[in-house]
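Shown next as structure tokens: one chain only, the form predicted on its own.
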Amino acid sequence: MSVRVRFAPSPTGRLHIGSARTALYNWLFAKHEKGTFILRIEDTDRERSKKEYLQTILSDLTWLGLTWDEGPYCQSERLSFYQELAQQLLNKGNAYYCYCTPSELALKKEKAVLEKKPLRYDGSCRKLTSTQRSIYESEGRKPVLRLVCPENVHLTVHDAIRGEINFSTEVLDDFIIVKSDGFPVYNFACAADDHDLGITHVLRGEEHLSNTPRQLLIYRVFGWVPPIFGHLSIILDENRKKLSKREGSTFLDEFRESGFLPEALLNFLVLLGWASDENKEKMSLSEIVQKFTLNGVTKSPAIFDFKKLEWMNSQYIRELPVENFIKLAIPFLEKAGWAADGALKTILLSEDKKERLRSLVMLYRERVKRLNEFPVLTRYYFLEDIPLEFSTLKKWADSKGILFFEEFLKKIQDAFFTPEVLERTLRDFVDSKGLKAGDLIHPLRYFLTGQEVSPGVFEVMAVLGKERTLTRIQKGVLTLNQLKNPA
């Protein structure tokens, strides 16, 4: 049997991280089995479906690298197919038109609650005469189409992840399969498409378990062979609550805009409910494809550990070649405004400045967990004027090292600007003055970067270059003197 799986998002919102995992598992299963990965767009909700959401979903899947072999098939373009199937059910007596209004249905529910009966449709429209239907239609009522639900039928699903699951039609009613506007409801269109597209395995979230018996009934009434189902566990946050779309970053585009690499995100997502035989964590996509089987998928809830995701992303960032890092970082630098004045373009056009940029990347490549941190940590490199806060400068107002900065400036003016030479020059200088290295290093770091934490100060000096280093030290000393001796 050639494996055919599908990912079927609804363009009623952005792509949720849980949906991205579902897409990934389907894609991996198809690739491992040398099967077909199909993209289907379930856009029959005319009010909520938006083209911009569809474009975002397609863009996110492409960014992740989850390219599809067939599709995208849009359900809104297949209405005649569903209408033909619905007519077949009508002709066989397996479906009927229901003219009950929302207010009438609400009254039926109220009555069922009072009588402590199950909240199910009572089937009152099952045996309407043609005269009764004509009366309802003359009143302007637009009917829905309901499937006749058989009584006391037991349905069994051999779930590829959860094992055997049993359902009974005792808990179901004559559910709607076509809305009053002529559009199919989810379960009807889903089952019809899965059969028509030859889907062999339906891998989806466990929230769809309640849909499974309804879809099985649709397969049963047409005499179709159902696919193999596999229901994935839910994803919980660190507090073991369901990962909410309303709290924190849960949409794929948010991770993308935060500077997560697709390779790292895919690696993290696959571990939310699956493990290889070796319990290995960091794996290439080709390695994951080779190892991925449904036997490794667990039915236990997965915990979304954001810190672990950041750690994994940092591991992938560290492995980026410098040129690739620069290419990926440019959009974040532009968004931060550091490239708005053409500064970045100037750097990239100058081989000397570009070499310093490479050195800057080497300094920070192992420090950033997300690419959007790079512009924040390195703004001192891209901005000519670094603001210095008096509240911070006060720390060194009475430091002995401040008295020797002008003399230190003369020492480094003629020095070869490499980290090794600069460090030796500073340490020899402080030894000769009876100072500690920190007496100069701490204020020096702040003068150069406007930050109290940075990579090695000598590496920072080398990256900035002699001219910018000297200028910033002079400005720092002048600002500190003005603080000590206000006019």
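Small disclaimer: the values here were computed from a predicted structure and weren't measured. Numbering starts at 1 and runs along the sequence shown. Note that the rigid core is defined as the largest set of C-alphas that superpose within 1.5 Å between two forms.
Here the subject shifts to the form predicted together with the RNA, a form of this protein not shown in this document.
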query: Options 170-178, 122-130, 283-291, 254-262; stretch whose heavy atom lies within 4.5 Å of the RNA in the model of the complex; finding: 170-178
query: Residues 94, 354 and 473 all lining the RNA in the model of the complex, heavy atom within 4.5 Å; finding: no
query: The single option of 185, 393, 386, 412 touching the RNA in the model of the complex, heavy atom within 4.5 Å; finding: 185
query: Heavy atom within 4.5 Å of the RNA in the model of the complex - the one residue of 318, 111, 400, 358 that qualifies; finding: 318
query: Contact of residue 366 with the RNA in the model of the complex (heavy atom, 4.5 Å); finding: yes
query: is_contact(residue 10, the RNA) in the model of the complex, heavy atom dist at most 4.5 Å; finding: yes
query: Interface membership of residue 273, the RNA in the model of the complex, 4.5 Å heavy atom rule; finding: yes
query: Contact of residue 156 with the RNA in the model of the complex (heavy atom, 4.5 Å); finding: no
query: Stretch 435-460 - residues with a heavy atom within 4.5 Å of the RNA in the model of the complex; finding: 441, 442, 445, 452, 453, 454, 455, 456, 457, 458, 459
query: Core-superposed C-alpha of residue 307 shifting 2 Å or more between the shown form and the other one; finding: no
query: Core fit, then residue 275 C-alpha moves 2 Å or more between the shown form and the other one; finding: no
query: Core-aligned C-alpha movement of residue 116 between the shown form and the other one, 2 Å or more; finding: yes
